[in-house]
Structure formats: C-alpha cells, structure tokens
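For reference, the chain that follows is the form predicted on its own, supplied as structure tokens.
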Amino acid sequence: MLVVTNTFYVDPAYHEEFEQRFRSRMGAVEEMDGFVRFEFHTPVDHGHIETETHAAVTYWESMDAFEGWTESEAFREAHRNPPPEEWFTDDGPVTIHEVAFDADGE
C-alpha cells in the first residue's frame, strides 16, 4: 500500500476556509481505481503555534493507482482553482511512502 501526504503550511487566519475547501471537493478521488482512503489532518493547538500544518493523506493500492489519479481529468478539475497564496506561509512537501508493515506485522 502507498501513502501520499501533501503538507500545507496554512496561515491560522485561513484555517476554516482551507478546511472547508477540502470538505467541498470530496468525491472525485474516492471514485478512482486503487483508491483506499482519504484523511485530512489538522494540528493540535498546544499554545504556541504560529503556523498551522495541515496534511491531506491518501492511501492507494499501488503507485500505478496513485499516478492514474494524478494523470486524470478528475485530478486536473480538483486542482483547477487553487486557494489564494496568502492562505499559506510556506510551500509544503508531498511525500510518498510504502507501508512496509503494520501493527500486525503484515
């Protein structure tokens, strides 16, 4: 299984708008072959966060399945109207990991 994490450094003033944007766009990725799961992670406020780090995490059966998503018309449509640059304090990375084993040792 493949795990793709897209990290976003969001200005706290735009947290709600950013989260709502993801909520309103759900649907297309779930229909893709090889898609397993989507998670949207938000930071825990522990009193001294200046920048909030969010993560959109998708799980895929394989690299081919993920690449099929990135090459699809649904992907282009989902990314057609990006949020304003002022919502972000920095560019975030995209990381791709393979699940080597889980808690069951599999």
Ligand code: HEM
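Quick caveat, the model's predicted, so the values are computed rather than measured. Each residue number is its position in the shown sequence, starting from 1.
Quick note: we don't show the form predicted in complex with this ligand, though the next part is all about it.
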So, a 4.5 angstroms cut-off on heavy atom distances: do all three of 66, 75 and 94 pass it with respect to this ligand in the model of the complex? yes
Residue-level question: is residue 15 within 4.5 Å of this ligand in the model of the complex, judged on heavy atoms? no
Might residue 3 be said to contact this ligand in the model of the complex, defining contact as any heavy atom within 4.5 Å? no
My question is simply whether residue 28 lines the interface with this ligand in the model of the complex - judged by any non-hydrogen atom within 4.5 Å. yes
Considering non-hydrogen atoms and a 4.5 Å limit, does this ligand approach residue 9 in the model of the complex? no
